[in-house]
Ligand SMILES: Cc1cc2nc3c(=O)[nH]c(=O)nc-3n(C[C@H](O)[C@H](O)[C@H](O)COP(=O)(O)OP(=O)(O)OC[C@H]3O[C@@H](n4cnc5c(N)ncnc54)[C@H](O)[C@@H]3O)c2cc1C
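What follows is one chain in structure tokens, specifically the form predicted alone.
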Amino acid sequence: MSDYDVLVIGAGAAGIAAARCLQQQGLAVQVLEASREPGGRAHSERTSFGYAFDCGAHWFHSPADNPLRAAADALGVAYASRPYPAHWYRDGALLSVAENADCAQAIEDGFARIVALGKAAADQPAAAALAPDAPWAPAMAAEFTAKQGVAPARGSCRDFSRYQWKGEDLPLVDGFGELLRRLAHGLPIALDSPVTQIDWRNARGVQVHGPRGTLRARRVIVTASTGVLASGVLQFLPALPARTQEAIHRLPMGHCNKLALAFKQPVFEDIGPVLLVPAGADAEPLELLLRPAGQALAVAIVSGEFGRALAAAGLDAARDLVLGQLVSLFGSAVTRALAPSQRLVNWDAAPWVRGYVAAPGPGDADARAWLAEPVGERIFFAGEATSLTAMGDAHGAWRSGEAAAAAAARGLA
């Protein structure tokens, strides 16, 4: 006899969504989360800075069609009513209004070319749509990397073209992790409970093994990242079908890490809140988020190989680089105002994530759909890696969890 109808592996957005759907159908469900709290790549901290700092997800992307926005409204989780403006800079100075508009338009035009190329018969790298000598080319490449976690040479035009943008990004004031924590409230979630093996040899169900013991269920939903799945820390017995393994191989993780620096007084009063982005000839995928007045906090978002290497170099190296950028823009008063509260987030080193978002290369975009295919009618995969239209986003993961729950529940009631 099975202990549960469905076991859910992972309590990120996909796992929480799946568990809520299954519970609403009256099914016996248990969520197993390897880390010490729910939320996955949406984790908010308050202890270091006194207000919410999102270590991972921070924005409602496509807010016009984002189910988590309605959830925030229902739960009283605050988010900004308008997007933070973006300003580009080079050589230690903000661009003029005209230059800023020109740079923003060049980036939008570049994205449009990638989307158009993504609809062609053969998938190509995003770099094929970008002229390296075009005005604002470094800024364009950096912005693509910030969105996808990989450089244009590694990114798929087809994958990028499938994303559905509906409205401008809205930042969560109270924290994205706080939203998921509230959505997880009341669910049967076992924390600090990693899974090491899923045995699906029995056609009637699965056995899930981990340090805390063995559980049996009729079906299982796996929401682990492709970084974790590719690492082998979660074994399947027997091995997953070749098509599923190929999908995992074709969905390597891109990179996005963060550094938060607190200040003793509001040193950015004249400009914040704002997103500052380098646009010079040596522009890297670096975004500087300056928080609203009263929150003397700068968050550096570093992506792609640049972000991976910077996080691996450690807190001191990351702080020195980011502080250098801020000093070039705002002067030495920034250094004098620096507070001891500093936080480096390295998702690449997180054992239950191992990267940030799935980032297929040219020709591999369809692997997302392959991974979403049920295995033996007992194993179902969910997570942002399986989303075709909101890949890399929490709401894409959420909807994938709902879809996996609907598929796993068929015939169980």
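As the structure is a computational prediction, the values presented were derived from the model and not from experiment. We number the residues from 1 along the sequence you see.
Below, we turn to the form predicted in complex with the named molecule, even though it does not appear here.
Colleague: Of the options 220, 251, 228, 140, which one has a non-hydrogen atom that comes within 4.5 Å of the named molecule in the predicted bound form?
Modeller: In short, 228.
Colleague: Here the chain is shown alone; which of 136, 268, 176, 144 has a heavy atom within 4.5 Å of the named molecule in the predicted bound form?
Modeller: Contact with the named molecule in the predicted bound form is made by 176 alone.
Colleague: So, in the predicted bound form, is residue 258 in contact with the named molecule at a 4.5 angstroms heavy atom limit?
Modeller: Yes, residue 258 lies within 4.5 Å of the named molecule in the predicted bound form.
Colleague: Does residue 402 reach the named molecule in the predicted bound form, with heavy atoms at most 4.5 Å apart?
Modeller: Looking in the predicted bound form, residue contacts with the named molecule do not include residue 402, since no heavy atom lies within 4.5 Å.
Colleague: Does residue 368 reach the named molecule in the predicted bound form if we count a contact as any heavy atom within 4.5 Å?
Modeller: Answer no; every heavy atom of residue 368 is more than 4.5 Å from the named molecule in the predicted bound form.
Colleague: Does residue 224 make contact with the named molecule in the predicted bound form, using a 4.5 Å heavy atom cut-off?
Modeller: Residue 224: contacts the named molecule in the predicted bound form.
Colleague: 14, 194 and 392 - do all three of these have some heavy atom no more than 4.5 Å from the named molecule in the predicted bound form?
Modeller: Yes, because 14, 194 and 392 each have a heavy atom that approaches the named molecule to within 4.5 Å in the predicted bound form.
Colleague: Determine which one of 360-368, 57-65, 373-381, 22-30 lies within 4.5 Å of the named molecule in the predicted bound form, judging by heavy atom distances; exactly one does.
Modeller: It is 57-65 that comes within 4.5 Å of the partner.
Colleague: Who in 338-353 is close to the named molecule in the predicted bound form, meaning a heavy atom within 4.5 Å?
Modeller: The stretch 338-353, when checked against the named molecule in the predicted bound form, contributes 347, 352, 353 at the 4.5 Å heavy-atom cut-off.
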